[in-house]
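In the block that follows, a single chain appears as structure tokens, in the form predicted on its own.
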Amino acid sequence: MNSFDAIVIGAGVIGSSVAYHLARFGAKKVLVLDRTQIGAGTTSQSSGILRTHYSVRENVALAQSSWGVFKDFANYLQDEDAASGMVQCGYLICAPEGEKLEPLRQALQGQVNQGVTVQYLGRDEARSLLPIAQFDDAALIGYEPEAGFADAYLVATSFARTARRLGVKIMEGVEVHRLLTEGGQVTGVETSQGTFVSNTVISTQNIWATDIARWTGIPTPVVAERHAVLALEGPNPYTFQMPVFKDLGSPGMLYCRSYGGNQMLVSEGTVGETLTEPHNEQGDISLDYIVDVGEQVAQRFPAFDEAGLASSWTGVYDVTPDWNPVLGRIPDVKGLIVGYGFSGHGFKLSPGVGRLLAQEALGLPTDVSLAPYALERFRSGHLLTGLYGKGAVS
């Protein structure tokens, strides 16, 4: 009863996607273990933005495949009850003259080369889409109409519910204490609820991926990094028809989207606060930080100069040295497959990543090569650093 074809550790949006795809591809006995509840970790803290804009071409390909799933979510899962909460409002990004201009130009052209619909806009065209913003300093403006935002928790629970309908066993409130191996081969896991046996274990542990180093002795280059998210209440509505906005001209490379009514969800796309131990408990947000972000917002959205703070929270990224994930097999431990270090990209890429890791676990050809995402790149120096430098736009 405790033997499985595959064991997935973590039931966030990545782990739930992996579990669904394993069952979809024919795995008969799949077990998912989560230390708390489905989607209750960092997934529940996601801002939910969906885009294919990346300067790393591999990420563009993963985001493209994932967007196709989000756009037709219930049909893809073959579950009429599945929902993503998607709002297709587009994604607007701009840069002034300066160091971010050429990276933006190259990234937009890269999207075009990979078949993404991208429009180059003038300032007046941008204002017509986002009339609460000013674009006087914008030297280059790109618009991706096939973009928007969705609900990460809803996506995770939909993947998990459909996986259960396909026969996947999901156990919540189970702590994995140890990875079991014999002769370099995975044989299962030891948990707070006993031992479970499998020759294939897929770790999607996010900020808790440091457990891999503790279990195997293999270095796991990932740190937990806390980021703050604000909901600002302004005098004018930021409607659901207005696009998600990325401001490469602001010091924090702000991203913004509608949060309903007159509220704007806003956060910085730069390096956050490194935590000494992985956890996703709420952190303090200083008044100085709120004032600083508010001043940046007001530069782009003049009407928000007197905006009030409606709500705020913190979320935690699992960050690697190049701000991109580690995906695939760990060669030194046969049967161990990992997906961690998403650095703020996890939700956007979750359908495509879940599919890839399931394919890899079952020995199927993968839709996209996992080689660029291999752990080995940190030793070889072939990093996936984006053109914008460190930060979640990559």
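The shown structure was predicted, so the numbers you read here are calculated from the model rather than taken from an experiment. In this text, residue numbers run from 1 along the sequence as written.
As for the form predicted together with a small molecule, it is not shown, yet the points below apply to it.
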Which residue among 107, 254, 307, 316 has a heavy atom within 4.5 angstroms of the small molecule in the predicted bound form? 316
Please tell me which of 215, 143, 135, 259 lies within 4.5 Å of the small molecule in the predicted bound form, judged by heavy atoms. 215
Could you tell me if residue 208 has a non-hydrogen atom within 4.5 Å of the small molecule in the predicted bound form? yes
Given that the small molecule is not shown alongside this chain, does residue 176 nevertheless sit within 4.5 Å of it in the predicted bound form, heavy atom to heavy atom? yes
Residue contact check: residue 59 to the small molecule in the predicted bound form, 4.5 Å heavy atom: no
Test of understanding: in the predicted bound form, would residue 49 fall inside 4.5 Å of the small molecule by heavy atoms? yes
Assert contact_stretch over 362 to 370, 59 to 67, 346 to 354, 23 to 31 against the small molecule in the predicted bound form, heavy atom within 4.5 Å, equals 346 to 354
